[in-house]
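One chain is shown next in structure tokens, namely the form predicted on its own.
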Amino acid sequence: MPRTRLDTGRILAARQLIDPVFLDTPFYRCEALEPRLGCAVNIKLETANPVRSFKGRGTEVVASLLADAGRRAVVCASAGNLGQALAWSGRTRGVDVTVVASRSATTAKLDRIRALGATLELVDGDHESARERAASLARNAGIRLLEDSLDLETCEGAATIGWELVNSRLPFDTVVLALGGGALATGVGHVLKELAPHVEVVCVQALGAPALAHSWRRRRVVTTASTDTIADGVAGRFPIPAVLEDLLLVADDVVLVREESIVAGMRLLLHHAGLVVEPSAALGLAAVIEDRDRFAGRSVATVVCGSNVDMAAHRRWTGGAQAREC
């Protein structure tokens, strides 16, 4: 396969650094979804862990390596999930964690970061403002800056999901992956291209946060002035060049989905799979909803990547007459 920044040997080694509570997550066929989507749907559930998202796989690798090297402080920018995961991993290894987030981030995520013992700094603006502040803090304090999707630990931690998919007994010919910063997509995509190249890798981004999708299509970094999506976990404006280079090698397609399709995916997961998820976790189903003919008759795997959601907002999105129609 073409060479990405990732290494399968390191990915397997990463499994030895990750707390088993994050590994070997459920992967099962959800037959209740199939009549509504027209294809076999296989769910990889990355929410049944202490931080309720896949991010713990990467932060476990980061915190383990920091502790082994005697480094006791790290800072990151986060929309919420990375910060929770790093706080959890750092706490268990005696690493001090500072998280920088936008004041507009989901309150439930911010509260959990505090509860896990991290220092939380809020900034005006969006996630890109938080990234700038985190980088400044790291320079001034001389501590490790963790940059999600750029730092290989985050990508190779996420890639352990791909290894588990490949080694499962469930057959699938397509995987649909939420695309935000790119760690999940490039990590899982790398493993599939190396070990299961027959599987089509489809990455999914919200229409209201399309920077990386546009970059993939044009084969160069494209930025956007703003984002407008309920899927806060994937709402980036400035793609990382190295991540784009990896994505170009592992993604067979990158699609954009509308907000109403994201909500419809959340409703389906709630009412027919019993899963409460955040909007980013419904991007895979949203892609199927918007293009049923493309996926008809296929066996599709999707990673349900997070469930850190404001419950009042979740009830607004999933309740009412439309929900009963799902």
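Please read these numbers as outputs of a predicted model, since none were measured by experiment. Numbers for residues come from their place in the sequence shown, where the first is 1.
This next part talks about the form predicted in complex with a further copy of the same chain, which is not shown.
- Only one listed stretch (198-206, 88-96, 119-127, 221-229) carries heavy atoms within 4.5 Å of a further copy of the same chain in the predicted complex, and that stretch is 88-96.
- Contact check at 4.5 Å (heavy atoms) against a further copy of the same chain in the predicted complex: all three of Y28, N49 and R52 pass.
- Shown without its partner, this chain lists L66, I289, A40, L270 as candidates; in the predicted complex, only L270 has a non-hydrogen atom within 4.5 angstroms of a further copy of the same chain.
- Though the partner is left out of this view, L45 does reach within 4.5 Å of a further copy of the same chain in the predicted complex, counting heavy atoms only.
- Remark: R144 does not count among the residues lining a further copy of the same chain in the predicted complex, judged by a heavy atom distance of 4.5 Å or less.
- Among residues of the shown chain, G70 is not one whose heavy atoms approach a further copy of the same chain to within 4.5 Å in the predicted complex.
- Contact annotation for R315: at least one heavy atom lies within 4.5 Å of a further copy of the same chain in the predicted complex.
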